[in-house]
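One chain comes next, on its own, written as structure tokens: the form predicted on its own.
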């Protein structure tokens, strides 16, 4: 059964995102929300791990949280996709299990 992993903390403050990526399985989705959206930035120490994981995981960024933090889309890793709140709901429906990483 696939899992929706919710990461809401900044990778600059915790190792939650990296631990999530290490444990998530193929077919799972990772949603970066709240301060977790910083994990979508390119050119950071964790960017290579996130980009590599995007090959087997659906890594998604909650666009309203990205905008609330004033982050420019151009700074995001290109292998990630943006969703709004309706996309968040679709992910929750598609993945019957969820796990929060803080």
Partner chain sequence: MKFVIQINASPREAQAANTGYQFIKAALANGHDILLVFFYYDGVCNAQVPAFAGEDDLSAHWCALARAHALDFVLCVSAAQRRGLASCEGADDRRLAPGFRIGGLGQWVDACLKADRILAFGV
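These numbers come from a predicted model, not from an experiment. Residue numbers count along the first chain shown, from 1.
Another form exists, predicted in complex with the partner chain; not displayed. Remarks below refer to it.
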| item | value |
| --- | --- |
| Non-hydrogen atom contact residue 78 with the partner chain in the predicted complex at 4.5 angstroms | no |
| Contact label in the predicted complex: residue 33 to the partner chain, heavy atom within 4.5 Å | yes |
| 4.5 Å heavy atom contact, residue 12 and the partner chain in the predicted complex | no |
| Contact label in the predicted complex: residue 69 to the partner chain, heavy atom within 4.5 Å | yes |
| Interface residues of 72-86 toward the partner chain, as seen in the predicted complex [heavy atoms, 4.5 Å] | 85, 86 |
